[in-house]
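One chain follows as structure tokens, the form predicted on its own.
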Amino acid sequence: MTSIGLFYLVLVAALYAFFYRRSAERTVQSLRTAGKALQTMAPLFVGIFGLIGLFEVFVPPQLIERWLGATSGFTSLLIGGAIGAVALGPPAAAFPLAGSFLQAGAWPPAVATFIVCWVSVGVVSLPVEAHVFGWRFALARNSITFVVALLIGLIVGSLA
């Protein structure tokens, strides 16, 4: 366990101990709610971390470095953005995968673009968005968001 993970675990335990003294009944209710959320999310996170494990073992770092590395320049931003735009899952799942990209030699701006696109561009959900808001709006929002993600990647590159 990392020191950050241990810090959060101790912090949460301390908060539960504090609130248990104030209201044992509500704290137990909170623990039940947290347990239900864990039951719901655990299979998803186990699957995501399983995919990350497969990714790290079966995708050679040279491929990541070639496609998402600094030597690919702007193309790596486009590839990172495209991968993020079609990815599925909760935004929190993007971070472990992004960490794997970085360890494999990806360029930080491409990884930043990947994360921003994962969170904000919805290629997979585009038909639903278009049905609700119209194609013009959905395409404009996704296009503008993709361009902004590229700009954020470039800003990250200028700060790194």
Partner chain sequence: MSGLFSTLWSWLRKQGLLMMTALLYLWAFAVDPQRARLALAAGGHTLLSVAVLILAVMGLVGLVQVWTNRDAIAGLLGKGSGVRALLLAALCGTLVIGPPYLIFPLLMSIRRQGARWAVIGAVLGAYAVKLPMIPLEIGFLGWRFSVIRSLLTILFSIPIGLMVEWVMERGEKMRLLQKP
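Numbering follows the first chain given and starts at 1. Each form is matched to the other, and the largest set of C-alpha atoms that superpose within 1.5 Å is called the rigid core. Here the structure is a predicted model, which means the values were calculated and not measured.
Keep in mind that the form predicted together with the partner chain is not shown, yet the notes after this line are about it.
Participant: Evaluate I48 for contact with the partner chain in the model of the complex, applying a 4.5 angstroms cut-off between non-hydrogen atoms, and reply yes or no.
Facilitator: Flag for I48 set to yes.
Participant: Please tell me whether any heavy atom belonging to A112 falls inside 4.5 Å of a heavy atom of the partner chain, as the geometry stands in the model of the complex.
Facilitator: It does: once the partner chain is placed as it appears in the model of the complex, A112 has a heavy atom within 4.5 Å of it.
Participant: Even though the partner chain is not shown here, does L63 get within 4.5 Å of it in the model of the complex, heavy atoms only?
Facilitator: Answer no; every heavy atom of L63 is more than 4.5 Å from the partner chain in the model of the complex.
Participant: Since only the chain is shown here, I'm wondering whether P108 would be in contact with the partner chain in the model of the complex (any heavy atom pair within 4.5 Å).
Facilitator: P108: yes, in contact with the partner chain in the model of the complex.
Participant: Taking heavy atoms and a 4.5 Å limit, what residues of 50-76 are near the partner chain in the model of the complex?
Facilitator: G50, L51, G53, L54, E56, V57, F58, in sequence order.
Participant: Answer yes if the Cα of F137 shifts by 2 angstroms or more between the shown form and the other one on a rigid-core superposition, and no otherwise.
Facilitator: False for F137: its C-alpha shift is below 2 Å.
Participant: After the core is matched up, is the C-alpha of Q62 off by 2 Å or more between the shown form and the other one?
Facilitator: No, the C-alpha position differs by under 2 Å between the shown form and the other one.
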